[in-house]
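One chain comes next, on its own, written as structure tokens: the form predicted alone.
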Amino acid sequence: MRSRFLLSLLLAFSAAGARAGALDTCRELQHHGKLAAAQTCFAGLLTSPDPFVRAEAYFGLGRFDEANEEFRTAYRNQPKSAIVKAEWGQLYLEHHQPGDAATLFEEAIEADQNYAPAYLGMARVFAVSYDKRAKDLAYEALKRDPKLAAADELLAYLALEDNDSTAATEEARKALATSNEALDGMAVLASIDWLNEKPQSEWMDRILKVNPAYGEAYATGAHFFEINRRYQQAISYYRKALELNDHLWSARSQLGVNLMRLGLDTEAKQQLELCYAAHFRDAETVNSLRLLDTLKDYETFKTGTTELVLNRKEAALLRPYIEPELQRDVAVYERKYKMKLPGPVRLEVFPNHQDFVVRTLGLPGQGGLLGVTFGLVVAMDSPSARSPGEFNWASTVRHELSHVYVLTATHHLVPRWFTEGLAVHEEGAASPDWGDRLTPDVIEALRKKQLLPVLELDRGFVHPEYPAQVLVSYYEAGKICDFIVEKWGDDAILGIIRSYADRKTTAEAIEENLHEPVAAFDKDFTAWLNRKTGDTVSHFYEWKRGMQQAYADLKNGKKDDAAREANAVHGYYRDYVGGDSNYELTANLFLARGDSAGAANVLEQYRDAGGTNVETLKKLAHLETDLGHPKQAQVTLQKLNYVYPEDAETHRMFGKLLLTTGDANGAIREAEAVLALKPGDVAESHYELAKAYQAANRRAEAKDQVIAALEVAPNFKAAQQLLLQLSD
């Protein structure tokens, strides 16, 4: 009995080994680019009695639905198999379902805590979203299997995403030491050459000797061009990938996405539709096609230097504001950067935030993005896509236009930290209340000394190590550029731009233009920033406790105590303009005492410090108007237009103010904005526009607007009188 059992067990192991050998044969054919033979090989395994083998065969054939069903059967048959769970997870990962993949990789690790491929699979899940845990899990995989070349390849890929070509090279060579056919490791090494303008890479030659159809290598290079904002080259390399293997649907999808980013919508749609027809329907492909289908709802307004793309439903409202701002920024940057662009800037404004998100899919550092630049094309949220006062659209335009010029001037060779930092600096140069602020998250990072050395700052954008690090990195990069301009002047910034255009490193750019080594620069910058922020950082918790006590006193009716507590700590953190700020508390206490002038003075400080709460600013505008301060009221109402141009009351108030101060054209713009918002009091709105036209001596248009008012309200006395005046 026992001998029969051992014989059957031996036969089972022999059969399993044969099946594993057959799978290995198919994979070897695939690995060496013999794709047709590999397909035949996988097809021959579909009759296997083992559901796991059938699952792998369907997986190799790209038939995901059938593979999924067979994995489900294999999972039921071997519920504790780490191999089955991990391979099933890999199927989900390649089918763009990272959540399901992660669940299966976790189960595989629970089944066998030493199964290295499960850790590698989980690392790949995190790598998709640029999560720093990807690197940690790749190391965990190597601890369990030091010869797992694929883990070294992933680490090389992640290092290059951080622009650390030294570490990337080291990890890729480790993979090659384990396997001299580590194709993805060689693809990273080839990508380093391509990024350094060496198109004929020896590594690509070696790849093609192993696998003449390995288009994935060119797709890897395209990815690195893409995250470095070199979109034209990314498109070129995705095309190269498809020349080697036209069934690389992920590469074709990314080709379509990048074509769309550059405004090449017709070919983008063709490429994406090919993917869809081939049942490659990941989120980027489907969402991009949906976005392209909505473009018929947009209008394009062209000038000599700009193209403004607006949704038809809000074009009448936004164009009179955004188009002049866009042209003004172009003029400013032409003078400042001493260059002209090779073509017009195209600005696309999306009223649906999800449509804007589609434009940025697949890029690192997406948290909180308001705009994104692709060469001469800029995409951004419309004010209507955000909550009132959530962002300043003019500041966003200013930021993104800086990218257009700096990317063009450097041939897209600039590191992320510098182009983002300079764009933040340019916001502040346009208006002191624009740009990134000293937020509580930034204060916490300063307190913990979490700011990165300048040579490592790109990592804070691509692979953040704590939730707020992307925003902290924007702040740090902006302050670095502020520091450079304050100490060395704008010419130093232009010099650094030229250095990057000449393919210099950050260290070389700093040494050439600031004339000090990087270590000294980091030390000087840290000291400079500490002088500006040290008092706030060291007293932050004291400020926080004081404000909490002040609001508690206010809630309990102790107004004098609230004022005393708030004033005692206000000097520690004047930059704070968020909810429950000192400014709003103090202004409300002034108003409670009937001191409108005191309240207005405090709220003007709030406005100038960067406060954007719409209701608070509207309150300030009313106070300034009532106090007879028209110039200050104009400043406040202009800011309201920047942070929330969809408020008819603001436009009406601004229009009346401009009319009384003699700015008839400004009054026309504001009255037209009121009508574009389709107000309830249509007759009154036409009448106000008529008065603005009359003041501009545009009598025929004024008369048309009066008639429009009377068509709505025939008994409107003021409109009747104005019509008589215009008729006379």
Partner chain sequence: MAAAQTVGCSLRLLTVLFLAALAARGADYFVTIAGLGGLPEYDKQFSDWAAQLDRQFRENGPAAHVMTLSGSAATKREIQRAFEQLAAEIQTGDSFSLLLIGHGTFDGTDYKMNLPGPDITAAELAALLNRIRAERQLVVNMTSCSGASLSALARKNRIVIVATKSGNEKNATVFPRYWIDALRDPAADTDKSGSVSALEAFEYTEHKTAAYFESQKLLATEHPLFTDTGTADAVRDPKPENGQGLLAGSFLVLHPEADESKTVAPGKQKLIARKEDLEAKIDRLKYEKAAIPPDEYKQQLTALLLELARTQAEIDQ
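The model shown is predicted, which means the values in this text are computed figures rather than measured ones. Residue numbers count along the first chain shown, from 1.
Same protein, other form: the form predicted in complex with its partner chain, not shown, and the subject of what follows.
Legend entry - Candidate stretches 35-43, 676-684, 22-30, 59-67 - the one whose heavy atoms come within 4.5 Å of its partner chain in the predicted complex: Stretch with heavy atoms near the partner: 676-684.
Legend entry - its partner chain: the contacting residue among 344, 464, 388, 263 in the predicted complex [heavy atom, 4.5 Å]: Checking each option against its partner chain in the predicted complex, the one that comes within 4.5 Å is 388.
Legend entry - Heavy atom within 4.5 Å of its partner chain in the predicted complex - the one residue of 97, 384, 327, 588 that qualifies: Here the answer is residue option 384.
Inset, instruction - Report whether the minimum heavy atom distance between residue 644 and its partner chain in the predicted complex is within 4.5 Å. - result: Looking in the predicted complex, residue contacts with its partner chain include residue 644, since a heavy atom lies within 4.5 Å.
Legend entry - Exercise: residue 698 in contact with its partner chain in the predicted complex, heavy atom 4.5 Å: Looking in the predicted complex, residue contacts with its partner chain do not include residue 698, since no heavy atom lies within 4.5 Å.
Legend entry - its partner chain contact at residue 669 in the predicted complex, heavy atom, 4.5 Å: Looking in the predicted complex, residue contacts with its partner chain do not include residue 669, since no heavy atom lies within 4.5 Å.
Inset, instruction - Would you give me the residues of 696-728 that have any heavy atom within 4.5 Å of its partner chain in the predicted complex, in order from first to last? - result: Heavy-atom contacts to its partner chain in the predicted complex: 703, 704, 707, 710, 711, 712, 713, 714, 715, 716, 717, 720, 723, 724, 727.
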